[in-house]
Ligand SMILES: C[S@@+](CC[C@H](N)C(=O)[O-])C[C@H]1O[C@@H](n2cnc3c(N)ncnc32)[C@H](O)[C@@H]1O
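Take a look at this one chain, the form predicted alone, written out in structure tokens.
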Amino acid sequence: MTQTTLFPMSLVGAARRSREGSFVDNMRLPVHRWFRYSAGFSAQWVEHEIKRRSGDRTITVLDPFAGSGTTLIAAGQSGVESIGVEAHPFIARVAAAKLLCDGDASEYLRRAQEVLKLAVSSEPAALTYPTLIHRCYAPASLDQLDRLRRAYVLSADGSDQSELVWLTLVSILRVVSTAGTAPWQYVLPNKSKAKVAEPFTAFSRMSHLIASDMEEIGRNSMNRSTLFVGDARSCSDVCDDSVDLVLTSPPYANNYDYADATRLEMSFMGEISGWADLQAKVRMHLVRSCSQHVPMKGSSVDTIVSHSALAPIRDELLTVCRELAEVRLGRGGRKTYHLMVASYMLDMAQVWLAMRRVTRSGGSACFVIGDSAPYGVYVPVVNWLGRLAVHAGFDDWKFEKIRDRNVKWKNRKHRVPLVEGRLVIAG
């Protein structure tokens, strides 16, 4: 079998077109490109902010919505200490594996090649995967993927190399799938791709790419980060007054289901058996930014907004939620946006309380965030978050707009102009 070595792509183009509010450029950067997961900012912006705000000081950076590790990797490459908190267990594992990027590249590649060799030489087995998996792969591709998965399981020992092999496998699942994948990462089995890679070849290529990136990282010093699987609303594993700078992008209140975004990978690896499993395995741990997180039964807007943490925005929030509840009735009553917005703002108010506890006096925070308009009802998320931060004990806030949103899509569901930018909090 022929193995192809891929070397790191040039960073010049990515640097030239750095978009502070986008994750797209990360897919051209070593390590960041190992797994495609939506993030609210580029790694280059993180490095810029750390350099601008730290000066000659030694600082500690926190990302309470660590995702697949954008902030933590960039902080490590910038030579500063960093802490991450991520509630999505699968994505936290992805981030933890990526943070092993300064390990022994040759030892990892040796392990990956052993797994591939074992997979190639193994016999086919009965394929007992959820229906989604069978819909997303040609039989021959699923056979090879199954061999790779079984080979990984046989060799898995919890070592750094083993975790990187796991990441190699889950990183190729979309590349070799015939199913369409929307830019926001949902899988669309009813749409198909004309050409896909062979799993064994894709695994080999990805393993060489990872090894090549590890070699590049190894030529430079990198601080290891601390990552906790936990809840941004409490940050219970982060010590009081331990952080100088918070850099993150929380979920937007735009009904994006981060749990569903990894359904393909989790289904293939046997972590869930179907869509419903996501509720207990993932959704219950996340900030409630999606209507799937807040079922109608057992929830009340009045009860949610009565929380003391929402005092500065209570009347405005209640007005918006009541309007959403009314509009909902004319839309078939399916989307519980009124409950989602109320729950989201309460969750984010609790995040600010946690940030105030862990941030040192004089520290600061920068959230890349955007506003929202479910059912075309405008929700001034940025303004409300700024006021909630001050209510939690921070000194002041300002918003620096990066770009307009909801202006290009032909199939957009409303015409309300939206923005995205940096919510800067002074401590």
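Position 1 is the first residue in the sequence shown; the rest follow in order. For clarity, every value in this text was computed on a predicted model and none was experimentally measured.
One more form of this protein should be noted, the form predicted in complex with this ligand, which is absent from this view; the next part is about it.
- Just one listed stretch, out of 284-292, 236-244, 196-204, 144-152, contacts this ligand in the predicted complex at the 4.5 Å heavy atom level, and that stretch is 284-292.
- Interface residue remark: F41 is counted as part of the site for this ligand in the predicted complex, having a heavy atom within 4.5 Å.
- Although the partner is absent here, H88 sits close enough that one of its heavy atoms falls within 4.5 Å of this ligand in the predicted complex.
- Although the partner is absent here, Y37 sits close enough that one of its heavy atoms falls within 4.5 Å of this ligand in the predicted complex.
- In the predicted complex, this ligand sits beyond 4.5 Å of every heavy atom of P189.
- Of the listed positions (P130, P312, G230, G103), a single one reaches within 4.5 angstroms of this ligand by any non-hydrogen atom in the predicted complex, namely G230.
- Of the listed positions (T359, T60, S68, S372), a single one reaches within 4.5 angstroms of this ligand by any non-hydrogen atom in the predicted complex, namely S68.
- Contacts between stretch 250-265 and this ligand, counted in the predicted complex as any heavy atom lying within 4.5 Å, involve P250, P251, Y258, listed in sequence order.
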